[in-house]
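Take a look at this single chain in structure tokens; it is the form predicted on its own.
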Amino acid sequence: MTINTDRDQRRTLADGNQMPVLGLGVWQAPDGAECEQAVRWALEAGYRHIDTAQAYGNEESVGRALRASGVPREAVFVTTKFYPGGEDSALELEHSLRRLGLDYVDLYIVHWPQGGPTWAWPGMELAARRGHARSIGVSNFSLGELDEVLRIAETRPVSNQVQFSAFEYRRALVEGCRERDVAVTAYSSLGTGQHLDDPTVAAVAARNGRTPAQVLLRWCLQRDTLIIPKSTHRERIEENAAVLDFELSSEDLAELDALDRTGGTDQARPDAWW
């Protein structure tokens, strides 16, 4: 078996656009030098997807880092998210583009279904028609909420970004998204570091000669999701990228599957935080 270790591996979305399987998330990366440095390090390490959001408050830093990197714009997949406390998703993307210093984003997603899952979708479609977003999608949407969008959509969402890890193995949600041709991107796959000390994870990591973080991220990839691990530390950014040159065995996967605390739910969140 030949394993593709290219860090720019991409998955073809339902609309034909291609999205890297590996990205850097910048949630909680402070606006300014720390965020800019993390993005530059990620691009130097071969990442070709940067995931930000209006709610993160660091779109300007992401834009500065992209320009300083020397990597051509067309080589980098940029995601931002509509903050649903706003009123106009199409207009808010125009503001994001000014902050990012870009003409378009590759993926624009509704950050969570505040106010109901469908009201922001016409504006998302308008943003796509204007060429401001090449693909559009959602985040933190349950399977039922996703279906509500699909029923009214002229342009279908191609992505659902959700909390997903061996400890939050939302099996029914991922399988339902696959059936609907909606790619799932996993966030918080390391549990903001809390999952790294688990004895089962440590044992699987030791058997494979890998770190716990690498094992958890590899598990996500083999469970049919894309990944956007967050870090502002160079060594961890590089460590998190080294997940494309090995595979977990069926026994490894089964041990990690058993860590799930969600019962294989089709829900994206245990509760609403808004």
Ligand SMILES: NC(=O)c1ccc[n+]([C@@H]2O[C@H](COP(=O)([O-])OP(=O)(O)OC[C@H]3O[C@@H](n4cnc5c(N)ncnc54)[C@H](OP(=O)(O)O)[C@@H]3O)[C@@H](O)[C@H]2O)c1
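On a predicted model such as this, the values are computed, not experimentally measured, just so you know. Throughout, we count residues from 1 along the sequence that is shown.
Not on display, but discussed next: the form predicted in complex with the ligand.
With the ligand left out of view, the stretch that reaches within 4.5 Å of it through heavy atoms in the predicted complex is, among 202-210, 60-68, 231-239, 244-252, 231-239. Note on contacts: among Trp121, Tyr187, Tyr169, Phe77, the single residue with a heavy atom within 4.5 Å of the ligand in the predicted complex is Tyr187. Though the partner is left out of this view, Ser139 does reach within 4.5 Å of the ligand in the predicted complex, counting heavy atoms only.
Remark: Trp41 does not count among the residues lining the ligand in the predicted complex, judged by a heavy atom distance of 4.5 Å or less. The ligand is not drawn, but in the predicted complex it has no heavy atom within 4.5 Å of Ser96. Under a 4.5 angstroms non-hydrogen atom cutoff, the ligand in the predicted complex lacks Glu36 among its neighbouring residues. Residues from 84-120 that approach the ligand in the predicted complex with a non-hydrogen atom within 4.5 Å are limited to His111.
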